[in-house]
Ligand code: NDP
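First, one chain by itself: the form predicted on its own, in structure tokens.
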Amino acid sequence: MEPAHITLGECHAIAMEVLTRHGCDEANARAVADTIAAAERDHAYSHGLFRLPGYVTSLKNGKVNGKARPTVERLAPTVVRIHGDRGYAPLALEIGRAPLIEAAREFGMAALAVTRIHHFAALWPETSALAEEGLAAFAFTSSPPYLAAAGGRTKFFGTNPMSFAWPRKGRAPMAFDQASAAMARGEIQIHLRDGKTVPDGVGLDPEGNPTNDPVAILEGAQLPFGGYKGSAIALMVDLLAGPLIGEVTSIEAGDVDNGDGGAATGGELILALDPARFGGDDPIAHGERLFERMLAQEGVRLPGDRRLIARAETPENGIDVPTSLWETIDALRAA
């Protein structure tokens, strides 16, 4: 069967419909639907409609509070904390954005600690939103254990992604978002759905042997990118999104997770820096000179450029939804 073809607006409306039907109030559903539609717009398919069944599962079993009311607490002049009320992350992130920006502009840099949330999306939306306000930004979050530590053969770290965004005058920010794993878990799941194997170095089977079989890797352990380098990044993210802000580490998240395949309860750390406050001579223009020299080399692109190309094309071209996913979403709409 041919994939279903829908507009970006229909994508957002369908996500809203499904989420409200299965336990989200309007505010939480709209915030999550925004992230789903943004992922589809940018062809980040592993974080778009593909995630909708997982959102619903965790709502229906009570793991996630679909009517969460996140609250703001100022811990220090430059540290803001959002108590997420066991909801999905998007609404908490929206509520925390304004006080984070205000503190970063006043003091030059600031941090946002988001706790008691379930992060089930990409990180580039939150860093890009800050870069669109003229700030450089980092974001870190962890997940239940899926990733073997360097030298290990069993799950210990989450895929533990991080994102960085840099503002650009008159252009969309430069933003990257990458897991500590050699391949993001959602991408492995999409390979499984589509009947494809994965490249070498992605993961291990349950006995600790290298494999290209996505089923075996999902049952076994993923591998960090670059061996000990990716493992060290995963450790750093665990500390920043866990002990630093009073949240769980990956292994602790796994201890209490119900195994429903959705996001675990955890936290996120976001850092915002105002380039105008660090003494540089027009740092944004200086950054552009760096980008120009990069792009002068044949075959080089800036991180995130493929997403920006897709972003420009999707409103006109629409979205193709694989048949199997469309059937699942149709069933959720009817349930």
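One rule holds for the numbers: they count along the sequence shown, beginning at 1. All values derive from a computational prediction rather than experimental measurement.
A second form of this protein, the form predicted in complex with the named molecule, is not displayed here; the remarks below concern that form.
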- Query: Is there a heavy atom of W166 lying 4.5 Å or less from a heavy atom of the named molecule in the model of the complex?
  - Reply: no
query: Is the gap between G287 and the named molecule in the model of the complex 4.5 Å or less for some heavy atom pair?
result: no
Counting only non-hydrogen atoms and a 4.5 angstroms cut-off, does R41 reach the named molecule in the model of the complex? no
**Asked** Might A179 be said to contact the named molecule in the model of the complex, defining contact as any heavy atom within 4.5 Å?
**Response** yes
Note: the named molecule not shown here; in the model of the complex, the stretch from 232 to 240, 137 to 145, 90 to 98, 192 to 200 having heavy atoms within 4.5 Å of it is 137 to 145
Students should find that, of L123, V80, L130, A104, the residue having a non-hydrogen atom no more than 4.5 angstroms from the named molecule in the model of the complex is L123
When the named molecule is considered in the model of the complex, the residues of 286 to 307 having a heavy atom within 4.5 Å of it are R301, L302, P303, G304, D305, R306, R307
